[in-house]
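Have a look below at one chain only, the form predicted on its own, in structure tokens format.
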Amino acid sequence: MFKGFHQDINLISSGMVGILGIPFDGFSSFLRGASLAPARIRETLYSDSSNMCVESGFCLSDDSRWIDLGDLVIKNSTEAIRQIEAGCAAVLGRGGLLLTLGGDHSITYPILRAYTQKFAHINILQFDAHADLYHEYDGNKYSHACPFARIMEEKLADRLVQVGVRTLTPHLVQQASRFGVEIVPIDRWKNGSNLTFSDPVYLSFDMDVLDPAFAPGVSHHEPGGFSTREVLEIIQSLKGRIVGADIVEFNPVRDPTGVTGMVAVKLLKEILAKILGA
């Protein structure tokens, strides 16, 4: 089921965080390439161009509570949803938590299906230029434009908060109203706004929430987004217990200089530290 640095799921124990690559972009609607992201992120993470410390000074390399599990093997698009859910459930079933590296945003739906087997109540904080609430897209209800419609239909989350959205259509507005989604469009965001959650929080980070000037290596460029500094401050000031996260929609094909890969790694380190409570 797994390939990469660590194939043995038994290496996960209670309270540990597993970094799991999900190299799947079979439900992307515009460009392929996000499946290459887990390998590129690891290459950058373990390179000599930076270190394993986060901005608080905490050094991840000194903490044994996280482990890189390598990549989940996805055989084909037909089996993808089932395989992703089963792979994530295997880690969660051993008492671990997950920080997953996509892949396109379609992976979040099966991940949340696995999470509901462990958490009776969970909130989602979604960073995204897009609401991803389409009922279906190009005839595919599992498209990367639809995962949060599936999540809310199945009541996999008690609360969904979206920040950074700047591409709402009338259909998406209707869907958000239908599901009670709390959308904070980018033009209404105020610096210093506090996001507070009472139930455990799952953080879903789509790289295109960032302005293309900061993260050009995404499939869907949407100008007018957050800066890297702004999203880091939101994550660092977040009030609530983060129990899992994904980083999705990084497309290395559109990142020849490597700048987006470095941003993804920066986010990975800060989010991992937040999950660990460091």
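One rule holds for the numbers: they count along the sequence shown, beginning at 1. Owing to the predicted nature of the structure, the values given are computational and were not obtained by experimental measurement.
This next part talks about the form predicted in complex with a further copy of the same chain, which is not shown.
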Please pick, from I186, L195, A86, V161, the one residue with any non-hydrogen atom lying within 4.5 angstroms of a further copy of the same chain in the predicted complex. I186
Heavy atom of each of K239, V243 and K274 within 4.5 Å of a further copy of the same chain in the predicted complex: no
Is R166 near a further copy of the same chain? Define near as a heavy atom within 4.5 Å, in the predicted complex. yes
Even though a further copy of the same chain is not shown here, does H221 get within 4.5 Å of it in the predicted complex, heavy atoms only? yes
Answer for L268 alone: is it within 4.5 Å of a further copy of the same chain in the predicted complex, judged on heavy atom distances? no
Can you tell me if M262 lies within 4.5 angstroms of a further copy of the same chain in the predicted complex, counting non-hydrogen atoms only? yes
Within 4.5 Å of a further copy of the same chain in the predicted complex, heavy atom basis, the matching stretch of 109-117, 94-102, 169-177, 147-155 is 169-177
Checked 34-49 against a further copy of the same chain in the predicted complex; residues with a heavy atom within 4.5 Å, sequence order, are L36, A39, R40, E43, Y46, S47, D48, S49
